[in-house]
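Given as structure tokens, the chain that follows is alone and in the form predicted on its own.
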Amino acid sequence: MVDIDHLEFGLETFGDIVANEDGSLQTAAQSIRQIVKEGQLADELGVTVFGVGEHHRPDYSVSSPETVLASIAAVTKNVKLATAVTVLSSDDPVRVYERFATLDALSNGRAQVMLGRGSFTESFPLFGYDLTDYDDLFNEKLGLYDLLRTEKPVTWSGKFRASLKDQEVYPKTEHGELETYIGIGGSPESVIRAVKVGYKVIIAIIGGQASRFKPYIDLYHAAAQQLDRPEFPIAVHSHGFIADDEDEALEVAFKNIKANFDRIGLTRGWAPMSREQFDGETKVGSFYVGTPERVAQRIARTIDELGLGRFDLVYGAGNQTAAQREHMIELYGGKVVPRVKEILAETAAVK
């Protein structure tokens, strides 16, 4: 049963370079300042969480999301500030803790860490890591981060960084710990790992029907109960675009999402996205595209079907204009989120 009163709605940007109205591209610096403006807008509209991704490549503007989030913290009051995701495998858990504890102080307790192994691999050679250690890096660093999160002296040793002995790490948070999610792509091993460390989970659903992830959600709840670990509402994130006109939404989304996925696919062996594939994703798959009513209906269906506690819409894929991005945020916070809650309340009333 969905807890409508505590349901959370987020927006995430991976930091795509923003387009000008004439089709030229803004600089990375201009795109970063645009993200700060969008975070402020999301807060004004009552969006629960605003997430910023980490990438180290030319088609994305943000390589240090905590710095961007700190700027957003200065112009917002309520929205939680998250990464989407922090690539823990190629980072230092001590520095991750310190940066987020600082962000937590600046935002009055609104920092949210989202840890991931990284679906992009540019950061590994950049910071001197071997991709053959992909799994071991994440597992080891997650273990250290888990100790740091207790905010007590840490004694630890591992393979990929210097050992620690009775080490205090600063600053401490005012609430005693950092809110932390683990981002997973949908493997049983990832689910069990998240359960064992006792963190919240957000599932990346970037293709196919959302219902195919139901077994992983069931596994999470069953494993948490069996292992006597904390059990939290599940979050998911998926791509989308919203406009006042259905045809406009579809055309803008197809142009930009296709360009984005095709560019990424060059290094991952994906075939170019066809219009048939895109249309399938917008009708029954994981692209939430259309008018506010259409998108609200599809999000509500996904939340109800999977029993979610949070839904994040990934916006701005490709090279959308600032006006397109901002209006989409206005429609999401002002129309889609209230309508989703209405639909879920109506659904609950007839069950």
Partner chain sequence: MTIKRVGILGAGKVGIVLAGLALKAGYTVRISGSGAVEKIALTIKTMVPGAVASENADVVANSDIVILAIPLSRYKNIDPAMLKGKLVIDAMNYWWETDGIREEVLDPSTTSSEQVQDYFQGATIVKTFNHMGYHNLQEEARPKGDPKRKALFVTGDDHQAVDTVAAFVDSMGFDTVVHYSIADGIMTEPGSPLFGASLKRDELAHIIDHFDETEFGKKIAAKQL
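Positions refer to the first chain, counted from 1. Since this is a predicted model, take the numbers as computed values, not measurements.
One more form of this protein should be noted, the form predicted in complex with the partner chain, which is absent from this view; the next part is about it.
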Quiz item: Is T150 close to the partner chain in the predicted complex, meaning a heavy atom pair under 4.5 Å apart or at it?
Solution: no
Quiz item: A271 near the partner chain in the predicted complex, any heavy atom under 4.5 Å?
Solution: yes
Practice problem: Tell me, yes or no, whether Y216 is in contact with the partner chain in the predicted complex, where a contact means a heavy atom of each within 4.5 Å. | Solution: yes
Quiz prompt | Proximity of G208 to the partner chain in the predicted complex, heavy atoms at 4.5 Å | solution = yes
Quiz item: Based on heavy atom distances of at most 4.5 Å to the partner chain in the predicted complex, which listed stretch, 78-86, 150-158, 243-251, 272-280, is the contact stretch?
Solution: 272-280
Exercise. Would you confirm whether the three residues R294, E326 and V337 all fall within 4.5 Å of the partner chain in the predicted complex, going by non-hydrogen atoms?
Key: no
Exercise. Check each of S71, T180, T121, T102 and return the one that places a heavy atom within 4.5 angstroms of the partner chain in the predicted complex.
Key: T121
Quiz item: Which one, I234, A223, A259, V94, lies within 4.5 Å of the partner chain in the predicted complex by heavy atoms?
Solution: A223
Exercise. For the heavy atom contacts within 4.5 Å of the partner chain in the predicted complex, list the residues of 170-189 involved, in sequence order.
Key: G186, S187, P188, E189
